[in-house]
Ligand SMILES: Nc1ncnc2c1ncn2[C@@H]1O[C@H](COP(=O)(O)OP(=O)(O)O)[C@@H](O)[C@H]1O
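Here you get one chain, nothing else, as structure tokens; it is the form predicted on its own.
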């Protein structure tokens, strides 16, 4: 059996995992985990600027856009962990700088504030009797928590509402931003941009951060390298290949989830066969690509993206 001295190709925190039995290592590979790489660090920096800005009447907001599977939700959860809730001894209250909520299917005020209250683990609709109480309670609690950024995941659900519902919802966001002096991070697919176009004042307060599909380049090289480092394989994997990066980008359509699935399945196969490493030939197995985007989807030309390791 390998000892830690034989695992110099792995980061120190992964070496103990590589000493475990095969099934335990496979479970580790299939678990979600954050991969910190150059593109992720850059994008987190942009989002952190929204948190760090001083409170003012006109807050700068962010719209984080990307296709499904690009890793948007894991990015905002990482932002939430970076700004974790803490107890303010001076004020004697709990502070929660970043609150992450899920946009309701219909953009109504009551449903929105229900989701806000759920996100901060406060009593919601079953406790408050009408919408006015929901709004008053949610805004009071956000103020008491010292929330600086409210993240609205799946903000593209706004488009499911009627034109009147959309208009009222956008007015509500403007009211909250002005009243609480907090910033919004809206997260969704590229169509979410249209949700803001009808409100010129609100649209002018949002800057876009887009997560385009991966393309071969230095960012993808850094990501694949760090993804492979996170896998508890007992032999070094020769994956620093432009040809392999191009193949992964093409076969996955440049989607983070597809790249992770392919690489992780190759790692699981390497453990089960005793090969203990990933190489270019590992991706010749059709099973590696099961459920991954078909060829021809293509990757857009900007080599920027974000990831987490996803279950295989």
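Everything quoted here is computed from the prediction, not taken from an experiment. Residue numbers count along the first chain shown, from 1.
If you look for the form predicted in complex with the named molecule, you will not find it shown, but the lines that follow are about it.
> Heavy atom within 4.5 Å of the named molecule in the model of the complex: which of 58, 243, 33, 272?
Replying inline: Residue within 4.5 Å of the partner: 33.
>> By the heavy atom within 4.5 Å rule, which residue out of 37, 265, 277, 251 makes contact with the named molecule in the model of the complex?
In response: Comparing distances to the named molecule in the model of the complex, the residue within 4.5 Å is 37.
> Any chance residue 73 has a heavy atom within 4.5 Å of the named molecule in the model of the complex?
Replying inline: Residue 73: contacts the named molecule in the model of the complex.
> Is there any non-hydrogen atom of residue 27 lying within 4.5 Å of the named molecule in the model of the complex?
Replying inline: Result no; residue 27 lies far from the named molecule in the model of the complex.
> So, in the model of the complex, is residue 62 in contact with the named molecule at a 4.5 angstroms heavy atom limit?
Replying inline: Result no; residue 62 lies far from the named molecule in the model of the complex.
>> My question is simply whether residue 257 lines the interface with the named molecule in the model of the complex - judged by any non-hydrogen atom within 4.5 Å.
In response: Result yes; residue 257 sits at the interface with the named molecule in the model of the complex.
>> So if I measure heavy atom distances to the named molecule in the model of the complex, which of the stretches 62-70, 45-53, 283-291, 243-251 falls within 4.5 Å?
In response: Heavy-atom contact with the partner occurs in 62-70.
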